[in-house]
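What follows is one chain in structure tokens, specifically the form predicted alone.
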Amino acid sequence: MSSSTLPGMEVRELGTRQGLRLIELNIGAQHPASGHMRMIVYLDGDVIVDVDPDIGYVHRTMEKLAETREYVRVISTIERMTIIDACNVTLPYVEAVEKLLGIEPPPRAKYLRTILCEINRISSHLYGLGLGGIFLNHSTMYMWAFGDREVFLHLANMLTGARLTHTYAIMGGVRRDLPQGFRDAFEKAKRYMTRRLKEYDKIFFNNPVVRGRLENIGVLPRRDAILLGASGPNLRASGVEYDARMTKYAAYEELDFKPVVGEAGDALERIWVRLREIEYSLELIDRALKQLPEGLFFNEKYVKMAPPAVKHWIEKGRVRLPGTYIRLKTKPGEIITRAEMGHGEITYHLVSDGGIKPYRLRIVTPSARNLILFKELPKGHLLMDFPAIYGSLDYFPPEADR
């Protein structure tokens, strides 16, 4: 058995198996290429026979850490799972705790949560599209997507006071009301991004070189997408009309939400779904701002509990949490909630024993669910198709390892 080493790769000849002359190729783990994971690719010549994804390089024990923190402190912990999509990753947890507390956020807070979720979705898709571009050596797409992402990070910063980890949705509402100038800033961002999406279609999606790399590559048939438990744009690109936003959490029911659904199920269609979802998210934010109800952005029960110094801040449009809020006790019980992140559906199973901390917390992230696609989709393709398939799946390793 012979072996050789290349930068970031190790190759081993395995001999003959079932008539195939197999080579084992280790890709990663290194951040700029495979991310925080290793891919063991088995090749017959240049054809992929099998792929074994090796994860766990950034295991963070988020679920166990949650059991050691008060409910509100858990929010800033779990949003580190997917920093690029902080509100979508934490909102179902907040809603689970609210159900155990027996409280409901005001209508205005639901709309504000939805606005930030859609801003995060756009940022997440631009991040994934940029990385997908660089996987294909399309450096222009990478630079454009990451540059345009800053526009929406600025909007998130205006709304929450933080670019990435916002801790915006809290039990009973949100931490800040809509700031002055936000509507005008969004209108400017919407006009800009609508124009840019047309340019993305020209330079990337309809680019004959890109289409040659992505079309009919990594095809995921509709039935397989369902059986394998694929999630998010990877599921909808195969013609499955399902999106967790259809479960009517936050303000999505009032906004008449409908999912973007593809048909072909190949790598190109997965890119198309993400581009169109950016377009649709702009419409949802616009609709939410126009329909935004007046009134409180934080539950009246907690406003009454707040001391005068804290009420003063609420009147100014911000929440400063009193000490009593940090030690809120929930009723005993179990709750399951879900939401749609940029990468797909995230599910929480929260168990309470009536204390001030979660007794148990189980999280199923979309990247963990989509991991199986790395094993199934590349088979029969050439080795150089593997980066194209990886880039189309928009996988986020820390989210799977959590």
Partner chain sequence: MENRSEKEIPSRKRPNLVKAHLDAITIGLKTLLTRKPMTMMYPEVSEEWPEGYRGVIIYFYDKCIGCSLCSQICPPRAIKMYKVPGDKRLRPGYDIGRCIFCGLCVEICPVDALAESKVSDKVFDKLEQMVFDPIDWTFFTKDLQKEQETRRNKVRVIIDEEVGLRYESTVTK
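Please read all numbers here as calculations on a predicted model, not as lab measurements. Residue numbers count along the first chain shown, from 1.
Another form, the form predicted together with the partner chain, is not on view; read the next lines as being about it.
Proximity to the partner chain in the model of the complex holds for none of 296, 373 and 380, with the criterion being a heavy atom within 4.5 Å.
Put simply, residue 269 is close to the partner chain in the model of the complex: some heavy atom of it is within 4.5 Å. By the criterion of a heavy atom within 4.5 Å, residue 205 is counted among the residues contacting the partner chain in the model of the complex.
A residue is said to contact a partner when one of its heavy atoms sits within 4.5 Å of a partner heavy atom; residue 280 fails this definition for the partner chain in the model of the complex, lying far away. Interface residue remark: residue 59 is not counted as part of the site for the partner chain in the model of the complex, having no heavy atom within 4.5 Å. Just one listed stretch, out of 94 to 102, 250 to 258, 287 to 295, 168 to 176, contacts the partner chain in the model of the complex at the 4.5 Å heavy atom level, and that stretch is 168 to 176. Scanning 185, 226, 246, 197 against the partner chain in the model of the complex with a 4.5 Å heavy atom cut-off leaves one residue, 185. This chain lacks the partner; the member of 325, 111, 242, 127 within 4.5 angstroms of the partner chain in the model of the complex by a non-hydrogen atom is 325. Contacts between stretch 72 to 90 and the partner chain, counted in the model of the complex as any heavy atom lying within 4.5 Å, involve 72, 73, 76, 80, listed in sequence order.
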